[in-house]
Each structure stands twice: as structure tokens, then as C-alpha cells.
Ligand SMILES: Cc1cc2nc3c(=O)[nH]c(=O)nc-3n(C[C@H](O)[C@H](O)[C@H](O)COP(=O)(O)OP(=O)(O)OC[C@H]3O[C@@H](n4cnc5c(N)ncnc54)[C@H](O)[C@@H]3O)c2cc1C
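As a starting point, one isolated chain is supplied in C-alpha cells, in the form predicted alone.
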Amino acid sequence: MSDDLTRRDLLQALAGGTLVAASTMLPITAVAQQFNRGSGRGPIADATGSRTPATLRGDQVVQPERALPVLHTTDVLVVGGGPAGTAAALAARRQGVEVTLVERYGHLGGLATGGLVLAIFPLYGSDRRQVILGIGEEMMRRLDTLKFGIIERNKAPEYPIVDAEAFKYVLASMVIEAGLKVFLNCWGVDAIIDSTGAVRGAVFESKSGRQAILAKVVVDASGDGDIYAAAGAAYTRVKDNIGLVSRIGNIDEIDMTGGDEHLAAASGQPVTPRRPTRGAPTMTLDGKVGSPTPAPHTNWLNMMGPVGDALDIAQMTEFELKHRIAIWNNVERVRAKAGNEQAFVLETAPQLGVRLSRLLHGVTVLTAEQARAQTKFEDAIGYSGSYAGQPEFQIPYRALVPQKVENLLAAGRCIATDFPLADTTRLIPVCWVTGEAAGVAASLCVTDRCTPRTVEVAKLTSILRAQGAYLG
């Protein structure tokens, strides 16, 4: 392959997955050429600080009013590049609107990648039929083509386990192919509202300073509902377990096994668990080695962690430091067992395993009681699979729509559910479902010149079905 590779060649290589095979991998010099933005190394210009600093007035810190530079203007702005956000951005873009995706970390995938939460469940109903399809299934099919990309596919009730780096690669490929505008390492810190109180974009902090992105409609897929909270939407603040996931290398045993306990419980069958289900979070780090991953001789170890407030930065810092010490000490115990002397901490997740923090007060609030009763919704946009004794259930579109704030949709773990059910709607495949629906709905707001609460539901569900989503 020639080192002289055009941008089109690069995109075609990404689309075809040829970057993974050694025989067709892009030469390093060719990859470097794609990112050659300037004439060479060295100084750009002399400069002095131009920001407006906060000032200390007595015992108060005051931030003066200032005009923010507009980084970009778009049709749909998706804040958060986790499972919900990537699904939302891709779904909206496929409807022909301009989409901008902003993510606080330097990669996409959220807890599925940076959090090392590698288990893709709940995918299946109590009859072992897959009920979550659409864009999430498309992502997994791409992982199917990659060596060490995913295991246990189409083996219900066993659920797939992904490799975090393979998944990052797949998502990077998909957003480039789709023509999305993406900003990484940008943290959404505020909402932009107009004189009527409608959301018109969001404010971000990055190494480029504080900047604004203007949009016709915003999807809050931040996980914590940061943008809808800033916009004044009502929500419930909750606490939950906060752990830290890790991977162990040079290990050839498991102590968290597979099984269909959660499916058996959902269907009313007797359950006799032998060991904790594969991927289940451990409560004690007493030499646990965890569950297998697509990479040989590598396990992942999920951690339950103590209950905490994910919006309390002091508590989050304490948890992170103590969790990393606990993970190291756990592997010391692993090595004490004969045959495991060469085991080591391969990786600790770069982000904490936050489960829940904010739950939206939506037009509809989905409850665990409705899920148990198998309530059907005329605005259903997808299903959750069966999980933890709970049968599969429909998810209504209006659980993504705030009660009052306009031009804003929620997707992912921060949608409108009660706390018991949120333990299911926070999971990766369900986030794909709500993200895909939010993205399509946002695109309809642009093309049909409507608001999220006035979206034509029949049109929304028709598009979702055409994209392969299962609505029942």
C-alpha cells in the first residue's frame, strides 16, 4: 500500500475494517499524514492571557459577565459520547441533519469503554429472544469482524462481552464515516437558553477555554443530566453504588461464571445460583479474578463499590483513590495462589463506575410497577431485556422529554424512571435504545420544525423500525 493515502482512502479503509488486519494496516507514515495540520514544529505566536478571571471580593468569588466565543453551530447537539450519545448522534445523522457530538473524555463509548463495563446485557427477553437491536446490534456486528473484539455473541442467555479498545475503534470509525462533527475532551458545563427559556445549545470547557455550541435541539446524554439540570429541568437526585472496574492479565481461571439465573428468575423458574453471574459486581476484593474477556489470558473484574453521591466531587475523589489501592491489593492476593504468580493489574478504568445520579422528571415517568405489569405504551420506542428478576418491558418516548424545558431530550441512564427501574435502564443496551430514539426524535424536530414534545410519534417509530429497532 502506498504511503500517499488520501482522506477518502482513509475513510474507505475505516469503513471496510481494513485497519485491523496486519496485511492491510495503514503504514504509520500514512496515518501521520492525515493529521499534519501545520507546516512544522515550533512557536506559533506570542500571547498574553485574554480570559476574564474570577475575582475575590471579601469572602466571595465573583465571575464577571463575559461574551463566549461560539465554537460551532449545528442542527442537533449531543452532549456525551457514551452508549446513548453515540447511538443518538448516529441515528440523527442518518436522517440528513447536521449533528455535533461532544464528549468529556478523549474517546467514545463512556462506561462501556472507559469504564471497562464490558458486559452487554440485558439483550434478551425471558424467552431468550433478542429484544434490543438497531444501532447497538450494528455496533456488535462490527465487533464480530474484529479479532478479540467480542465473545459470546448470539448465545442467549449468555450475553456478549466486548473488548474496550476494539469498541473504541469501532465507534471512532462509525462517527468518521457518518460525517459527524466531534469534539473530544470537552466538558458540558452549562445550558444556553433563549428569552423564552428554551434550550439553544450548551457551554463547554476545554483546553481551548470556555466556548459555546449553538443548536436547534439538544440531546443530554451526559449520564448525569448535567445539561437538563443547568437548563432548569426538574429531576430527582439519587445515590447509588460507585465502583471501579479493572482488568487482570496473565490469568487463566474465573470465579465469576456465566448462567441464566437472571432469566430464570424473570420467567418464574426456580433459581439455584452456583457462583455469581459472569460480570456481576463483586462485593469483596479478597483475591477475586473475575470473568473472561475477548483478549486471551485477560479477565475483567467488576466492583460494586460503596453507595455514594456521584455529584459530590470530594466523595468521588476519595472513592477513586481508595478503589485503586483496593484493586492493587486484590491482585496481590491473586498472586498468592499457586499458578497465578504472574498475574498483574493490566488496567484500571480511567473513569469511575457511576450507576445513577440524576433522574429526569419527564412527561412520562416509567416505573418498576409498570414494567412488572407489562404496560404497553402508544409511544413505545423500544424495549429493555429481562434483568434481575424483571421481565422485558417497553420504554415510552415521553420518558425522554422534560416536563417543561423545551428543545431538549434526555437519553441514557438519566431519563425519567423511578429509582428501582433505573437500575435496568442505566445498562448499556438500554442506553442504545433510548439514545437511538432521542437522536431520531431530535432530527424530526429539525426537519419538521417541531419541539420534542410535539414530535409525530408515528413517524418516529416508523423510522426506528426501518433502522432495525424492535418495538414489540
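The first residue of the shown sequence is 1; numbering continues from there. Predicted model only: the values in this text are computed from it and were never measured.
Another form exists, predicted in complex with the ligand; not displayed. Remarks below refer to it.
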Would you check whether the ligand, in the model of the complex, lies within 4.5 angstroms of a non-hydrogen atom from each of 239, 397 and 433?
-> no
Indicate whether the ligand has at least one heavy atom within 4.5 Å of a heavy atom of residue 120 in the model of the complex.
-> yes
Would you check, heavy atoms only and a 4.5 Å threshold, whether residue 245 touches the ligand in the model of the complex?
-> yes
Even though the ligand is not shown here, does residue 412 get within 4.5 Å of it in the model of the complex, heavy atoms only?
-> yes
Is residue 429 close to the ligand in the model of the complex, meaning a heavy atom pair under 4.5 Å apart or at it?
-> yes
So which of 93, 323, 288, 104 gets a non-hydrogen atom within 4.5 Å of the ligand in the model of the complex?
-> 104
With the ligand left out of view, which of 150, 303, 231, 310 would have a heavy atom within 4.5 Å of it in the model of the complex?
-> 303
The ligand in the model of the complex: contacting segment from 125 to 133, 290 to 298, 214 to 222, 335 to 343, heavy atom within 4.5 Å = 214 to 222
Looking at the ligand in the model of the complex, which residues in 340 to 379 have at least one heavy atom within 4.5 Å of it?
-> 351, 353, 354, 355
